[in-house]
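The chain below stands alone, shown as structure tokens; this is the form predicted on its own.
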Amino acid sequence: MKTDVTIVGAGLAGLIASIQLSHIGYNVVCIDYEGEKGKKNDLRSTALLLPSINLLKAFGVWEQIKINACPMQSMRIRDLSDEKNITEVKFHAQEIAEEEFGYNVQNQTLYNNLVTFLKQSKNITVIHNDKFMNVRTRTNATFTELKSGLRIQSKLLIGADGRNSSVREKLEINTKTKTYNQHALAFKVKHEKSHENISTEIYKSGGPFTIVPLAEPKQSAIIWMDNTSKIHNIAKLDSTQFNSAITIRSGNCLGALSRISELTSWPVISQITKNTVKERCVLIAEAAHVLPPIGAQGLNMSIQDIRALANIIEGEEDPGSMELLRKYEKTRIRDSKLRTKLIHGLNLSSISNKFHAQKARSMAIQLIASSPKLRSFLIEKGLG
């Protein structure tokens, strides 16, 4: 089998990369290990920021996704470490002359719309229920070997197969990984008050408690990060105890909270590769960088990888040349490392229960709240 680009991984990043590269004229083969049935139970949601939405608009998939998405018109950071002196800063999209910072989209909705759009694309072939085994590179081609015995020749191989990337392993690209003895717990809630299209990160100790609005005014998605043993214990609570715990942890900012979905849990890590390219091969998304779920950086960083790669190889006869891949790596590695360090620092700050660390966090929030210029700067950096 022969194509221009082979993409290993058919999660959200792999699908978006497939559509984007086909949109700029390349024939794409996408390897989907699980198949569509394996992706029917993703209960999480993703806050897509404006640069990511602009890319989805470019190939015409956004308008359908938007129907079931919720605009995020404001973002709020609250610190509850001193209950007698709660500090808060709020960012408004109007500060940067926009109506919203982005939209919160349920992952299953995003996935379903991308699959529907992908099936209508003539130059994308998806191979379901097959597994990447190895890649061999030559001066002018890659040869990707699958478990079924199928061999795919292409000019470029893209590893978009997640934090435990098999492509990365075969390319012998090393990673730098930090662990936090911390888990994230994701679920949906209903609440007494309307969320008013405000996304809220609440700090105390152990990690942030993030409330992201859903399309229903009195429903939100929650990500609660905390000590691993604490998260495991919380997940075992009965519904009454659990609802009481999340209402207290939210600072009662939306009234009483009640869980309305199953729980999803995963270990929190920070991981980044030493490099992202080898001969005719490139890593993107979580194969290249994994961040704690703070500040909506995860999928948005992945989409910026895809945008940068597409901009560099568009119109090129040989999208896998080392000259182009080095240019891509130079474009993305600095930003990826900077954001990884920033989110790592924010997470360490969120974990601490020491008085001086919490006081410093509270003072930083007060400083940001008092400075419109600083708020605008942080907004622009956060959006990417």
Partner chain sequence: MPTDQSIDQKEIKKFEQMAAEWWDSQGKFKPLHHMNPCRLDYIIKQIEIEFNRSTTNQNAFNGIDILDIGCGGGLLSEPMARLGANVTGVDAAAKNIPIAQTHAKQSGLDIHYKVATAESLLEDGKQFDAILNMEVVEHVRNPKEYIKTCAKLLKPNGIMICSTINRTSKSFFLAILGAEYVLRWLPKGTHDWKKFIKPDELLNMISNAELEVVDKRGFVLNPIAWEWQTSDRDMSVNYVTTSTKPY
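Positions refer to the first chain, counted from 1. Note that the coordinates shown come from a computational prediction; the quantities given were computed from them, not determined experimentally.
The following text describes the form predicted together with its partner chain, which does not appear among the structures shown.
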item: Listed range touching its partner chain, judged in the predicted bound form by heavy atoms within 4.5 Å, from 293-301, 137-145, 309-317, 242-250; value: 137-145
item: All of Lys131, Glu172 and Lys274 within 4.5 Å of its partner chain in the predicted bound form, heavy atom check; value: no
item: Proximity to its partner chain in the predicted bound form, single hit among Glu88, Glu192, Glu95, Glu279 (heavy atom within 4.5 Å); value: Glu279
item: One residue of Lys176, Lys230, Arg151, Arg76 in contact with its partner chain, assessed in the predicted bound form (non-hydrogen atom, 4.5 angstroms); value: Arg151
item: Contact test in the predicted bound form: Arg326 vs its partner chain, heavy atoms, 4.5 Å; value: yes
